[in-house]
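There is one chain below, alone, in structure tokens, taken in the form predicted alone.
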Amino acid sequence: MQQKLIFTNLVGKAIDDLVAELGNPQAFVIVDVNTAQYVLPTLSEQSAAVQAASIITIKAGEPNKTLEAVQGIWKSLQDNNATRSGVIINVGGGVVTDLGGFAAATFKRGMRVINVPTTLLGAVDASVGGKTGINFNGYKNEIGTFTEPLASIISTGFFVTLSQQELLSGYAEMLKHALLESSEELAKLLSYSVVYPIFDPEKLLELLKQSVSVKQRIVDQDLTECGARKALNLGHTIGHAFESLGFKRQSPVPHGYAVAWGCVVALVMSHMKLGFPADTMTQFAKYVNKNYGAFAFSCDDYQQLITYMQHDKKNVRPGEICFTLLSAVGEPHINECVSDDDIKAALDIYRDLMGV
């Protein structure tokens, strides 16, 4: 069943309408410590279903997306006699929807889920498409499922509480979608500023709808990522490796920043292997460098990054590292296997482009 995408700033009403359609089942709201403080009180005033629900609070941040956190959710559900007919309402960013979605998908073999993303990254990426999961043994999203939520309620109303870093992190996924869509969409995003005080929520909502529609169209073709959905991996193979290296250094980097840097590397590889236009590659790299800075690493880190990439879930065969690359904006090529030597060459060029 395809998830519903509801774009509205009347979030409480949308939740109550959905819960009523389900017959007003037992409801559980999963929040992290930040959304518990800044979002939940307002949402409880707006929604009778949220006000009546059992609240499950988890720690915030990617390092807490662990099996231990899932076990805590399972125990809370069990202690409250949750059944498969209940509904879980995930209120938060990508960590909450990933964790809450995974807990829901596995508790009693599946509970229904409504996602209420409170970050731009959660709205454009984690809350849409049915991926759930946790990090395991030092690798990002190593354990998970493909389980679509009943609905995602997307609003820009919560974004006023976001930091500049959080806004940019979400915007990186929008840039990735534009690279997959068309030169026109990419030009729109490269000309829009998500930087305070220029940030315009209404304009962003318009761009967000278009961006989410790109992802939803691809997911509808291939929910379980056997083919077309791998296009959405653009920038993620190396991006996840950057994140893993950040974890190892005990200096985590935001997911969207890692994706932005990963897209630069992917465009370099695309130019090397498929003739992607050098001017577009350079323009994109300059935009990323200006807004996101650069992930710093040296040639001494190359082998560790390659080891992380070898664990990417989208690799086709053991020992091969596969990427989504582009021959042009809007023309993705999946399962492009790249040699270790070419990866190292692309990392060299990335460091030159980004001044690392």
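Numbering starts at 1 and runs along the sequence shown. Note that the coordinates shown come from a computational prediction; the quantities given were computed from them, not determined experimentally.
The protein also exists as the form predicted in complex with a further copy of the same chain; that form is not presented, and the subsequent description refers to it.
Though the partner is left out of this view, S270 does not reach within 4.5 Å of a further copy of the same chain in the predicted bound form, counting heavy atoms only.
Shown alone here, N315 lies within 4.5 Å of a further copy of the same chain in the predicted bound form, counting heavy atoms only. In the predicted bound form, a further copy of the same chain sits within 4.5 Å of a heavy atom of F102. a further copy of the same chain is not drawn, but in the predicted bound form it has no heavy atom within 4.5 Å of T118.
Not one of N233, G235 and E331 is positioned with any heavy atom within 4.5 Å of a further copy of the same chain in the predicted bound form. For the candidate set E225, E166, E206, E181, a heavy atom within 4.5 Å of a further copy of the same chain in the predicted bound form is found for exactly one residue, namely E225.
Out of the listed residues R217, K286, K248, K75, K75 is the one that sits within 4.5 Å of a further copy of the same chain in the predicted bound form by at least one heavy atom. The chain is drawn here without a further copy of the same chain; in the predicted bound form, the stretch among 270-278, 255-263, 150-158, 106-114 whose residues come within 4.5 Å of it by any heavy atom is 106-114.
Residues are counted as partner-facing when one of their heavy atoms sits within 4.5 Å of a further copy of the same chain in the predicted bound form; in 139-178 these are Y139, N141, E142, I143, G144, T145, F146, in sequence order.
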